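The chain that follows stands alone, in the form predicted on its own, written as structure tokens.
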């Protein structure tokens, strides 16, 4: 895929977004059929005739309960047009590819890019810059509505601004990771002030994981897991190797690239949603349970509330500066993965993170 900019980026059917020559189908219950040299899309309660010419489509990505007919699958396979199935939340499930597999070229380029220390460092800088900039914005926006600690929040945001300035000066990955780690610590020091004082879930001590030992950390870990899932699905969908990352080191069974891609999404998607659910008291102490050993997790009713909010958040459209339009949250990881693929192929000089 050579371009990320569709010549006609407006959705053709309510509930669907067409990005470039990839057809994303998000409407639950939708069915896709082969009709001549076109795709006929049938959506419940939508009476219009929805036809998309196959020549405009290089890939179909179906989220959740979307049916694709066997004749259409056969035609896509014959044309080397991939079909990817994702869960409604964006988790990669399966993929159909035709006989020509261009992904190996992208993966080969990804491996060569990773083997180049300078290129790896430059790409990793993009992930860190996106994460810190978005974290800083969450603090600054939260300070306006915070019931307490507004000066402390703004001070932490200023600390992160200083860290952003230091990113270009990082001479190697270890220094860059140190900058990212210290800025994250400052962020969570400010994050605690964004929570209402009178919550019954207890205070937020600091970021604790593996396992989380308090409700707030348990909720953050839950949403981080979902964020990682959609990031890994995006890497798989685009054809990148999710285990070859640039900021995160290589380790068996560690999806380093998925962890890279999720960094810029953590604060604006996962953290922001956790703050909303807690401060609105949609999640309270009764929605968490402590397991033997001290780990805290959501109860089943708590998970239902969190997942419902997550699915709603995935449909929210957010501005994307590079594309100059709003994009559904569920599609942001795939869009960023394609931007990364273009950078790896040498079509873009830098990786450009998504920033709020």
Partner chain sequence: MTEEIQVPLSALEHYDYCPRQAGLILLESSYADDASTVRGNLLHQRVHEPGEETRPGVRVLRALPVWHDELGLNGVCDAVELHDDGNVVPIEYKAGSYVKGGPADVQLAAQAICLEARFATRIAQGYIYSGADRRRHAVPVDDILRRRVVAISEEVRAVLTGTVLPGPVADARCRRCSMNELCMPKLLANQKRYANELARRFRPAAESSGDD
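Keep in mind the model is a prediction, meaning the values are calculated, not measured. Positions refer to the first chain, counted from 1. So that the term is clear: the rigid core is the largest set of C-alpha atoms that superpose within 1.5 Å between two forms.
Omitted from view is the form predicted in complex with its partner chain, to which the following refers.
> Taking its partner chain in the predicted complex as the reference, which of 303, 56, 46, 318 has a non-hydrogen atom within 4.5 Å?
Replying inline: Among 303, 56, 46, 318, a heavy atom within 4.5 Å of its partner chain in the predicted complex occurs only for 318.
> in the predicted complex, does each residue in the set 196, 207 and 333 place a non-hydrogen atom within 4.5 angstroms of its partner chain?
Replying inline: Looking in the predicted complex, the three residues 196, 207 and 333 all stay beyond 4.5 Å of its partner chain (heavy atoms).
> If contact means any heavy atom within 4.5 Å, which of 212-220, 154-162, 245-253, 70-78 contacts its partner chain in the predicted complex?
Replying inline: Answer to the contact question: 154-162.
>> in the predicted complex, is there a heavy atom of its partner chain that lies within 4.5 Å of any heavy atom of residue 105, even though the partner is absent here?
In response: Within the cut-off, so yes.
> Do residue 40 and its partner chain share at least one heavy atom pair within 4.5 Å in the predicted complex?
Replying inline: Taking the distances in the predicted complex, the answer for residue 40 is no, it never comes within 4.5 Å of its partner chain.
> Within a 4.5 Å heavy atom cut-off, is residue 168 in contact with its partner chain in the predicted complex?
Replying inline: Residue 168: contacts its partner chain in the predicted complex.
> According to a 4.5 angstroms non-hydrogen atom cut-off, is residue 266 in contact with its partner chain in the predicted complex?
Replying inline: No, residue 266 stays farther than 4.5 Å from its partner chain in the predicted complex.
> If you look in the predicted complex, which residues in 328-356 sit within 4.5 Å of its partner chain (heavy atoms)?
Replying inline: 338, 339, 342, 345, 347, 348, 349, 350, 351, 352, 353, 355, 356 sit within 4.5 Å of the partner.
>> After core superposition, I'd like to know whether residue 55 moves between this form and the one not shown (criterion: C-alpha shift of 2 angstroms or more).
In response: Yes, shifts by 2 Å or more.
>> If I superpose the two forms on their rigid core, does the C-alpha of residue 300 end up displaced by 2 Å or more between this form and the one not shown?
In response: Residue 300: C-alpha displaced by less than 2 Å between this form and the one not shown.
> Is residue 37 one of the residues whose Cα moves 2 Å or more between this form and the one not shown, with the core superposed?
Replying inline: Yes, its C-alpha moves 2 Å or more.
> Which is it in the predicted complex for the CA atoms of residue 330 and residue 80, closer or farther than here, knowing they shift by 3 Å or more?
Replying inline: It is closer: the C-alpha separation of residue 330 and residue 80 falls by at least 3 Å in the predicted complex.
> Your call: residue 58 and residue 347 CA atoms, closer or farther in the predicted complex versus the shown structure, by 3 Å or more?
Replying inline: So the answer is farther.
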